[in-house]
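In the block that follows, a single chain appears as structure tokens, in the form predicted on its own.
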């Protein structure tokens, strides 16, 4: 049996977790899930569509929002009781964080961003991304129970037809005040809303070449195409856009149908976050910019001139 940590944000399922469930199904037909917090109860039955027979929901008075170490403690306690052959999660920032805590609590090794997993008797073999995906590492993990996260956008999260809803089993993790020392206490500012960057089918992304005041046309184009806005690290470092919009190795890794990069040079860290796009269009005034070698289509021109023209053309085409 494989246990998969399924993440959610106040009752909104993290679709990336479904990719981890798909990876688990490819290894073992017996897949169970673990979710944290009472808000997860309503999500659990849907997981049956993705091969989950039983969904365990950890409920505790202190688990009112994201608390990484507490979640890791809950996962490790459940794993110790169920004794699965592996504990998996999506290789998202939160998935990596929670499983790192769980593995550390159990004093077991942890393999992140795996593209393939082969379980063995005490020794598992994994292939995983290293150096922003530029290198594939093949490794043996010596542990009776494998803790690992799956590389994003490698495993297709396809539902299974005719599946029954997952059975819900609630459990109460034994948490200490130290486990809850780091947790979300309050959220301020506007909510996320709209299309999630990680799951968007269209991402319109801007870099230094767009300029601080030049994101208006990008927002218009993203809205017209039913997508969302992204940006490069230098943009968030300058404070022009929030970190939640950053695409890259230290931001969000995306795999949209269409990625439009405007005024982005194409640093290795950024390419690591968008190289899985099905189609990439690069708009840049520098024909020798690195990103041009990764683009399916290139437009040489200044963003301030090109973007309004594209927005008008798309608006006209949509009537």
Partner chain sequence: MNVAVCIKRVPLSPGRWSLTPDATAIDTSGSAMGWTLSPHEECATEAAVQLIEADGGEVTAFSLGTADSTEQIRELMAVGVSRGVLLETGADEWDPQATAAALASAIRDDATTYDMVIVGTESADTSGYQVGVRIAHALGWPIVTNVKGLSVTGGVARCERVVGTDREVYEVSLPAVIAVKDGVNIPRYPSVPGRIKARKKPIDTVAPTATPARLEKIRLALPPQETGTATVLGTGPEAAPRVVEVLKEIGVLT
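For clarity, a rigid core is taken as the largest C-alpha set superposing within 1.5 Å between two forms. From a predicted model like this one, the values you see are computed outputs, not experimental measurements. Positions refer to the first chain, counted from 1.
What comes next is about the form predicted in complex with its partner chain, which does not appear here.
Using a 4.5 Å cut-off to its partner chain in the predicted complex, each of 97, 128 and 183 places a heavy atom inside that distance.
None of the heavy atoms of residue 174 is located within 4.5 Å of its partner chain in the predicted complex. At a distance threshold of 4.5 angstroms between non-hydrogen atoms, residue 112 is in contact with its partner chain in the predicted complex.
Put simply, residue 12 is far from its partner chain in the predicted complex: not one heavy atom of it is within 4.5 Å. In the predicted complex, its partner chain sits within 4.5 Å of a heavy atom of residue 246. Think of it this way: in the predicted complex, its partner chain has a heavy atom of just one of 169, 213, 135, 164 within 4.5 Å, and the residue is 135. A single residue from the set 255, 41, 281, 59 has any heavy atom within 4.5 angstroms of its partner chain in the predicted complex; that residue is 281. Just one listed stretch, out of 103-111, 153-161, 205-213, 82-90, contacts its partner chain in the predicted complex at the 4.5 Å heavy atom level, and that stretch is 103-111. Residues from 295-319 that approach its partner chain in the predicted complex with a non-hydrogen atom closer than or equal to 4.5 Å are 295, 296, 297, 298, 299, 300, 301, 305, 306, 309, 310, 313, 314, 317, 318, in the order they occur in the chain.
Relative to the superposed core, residue 168 shifts its CA atom by less than 2 Å between this form and the one not shown. Fitting the two forms on the rigid core leaves the C-alpha of residue 221 displaced by at least 2 angstroms between this form and the one not shown. Shown in the overlay between this form and the one not shown, fitted on the rigid core, is a CA shift at residue 302 of 2 Å or greater.
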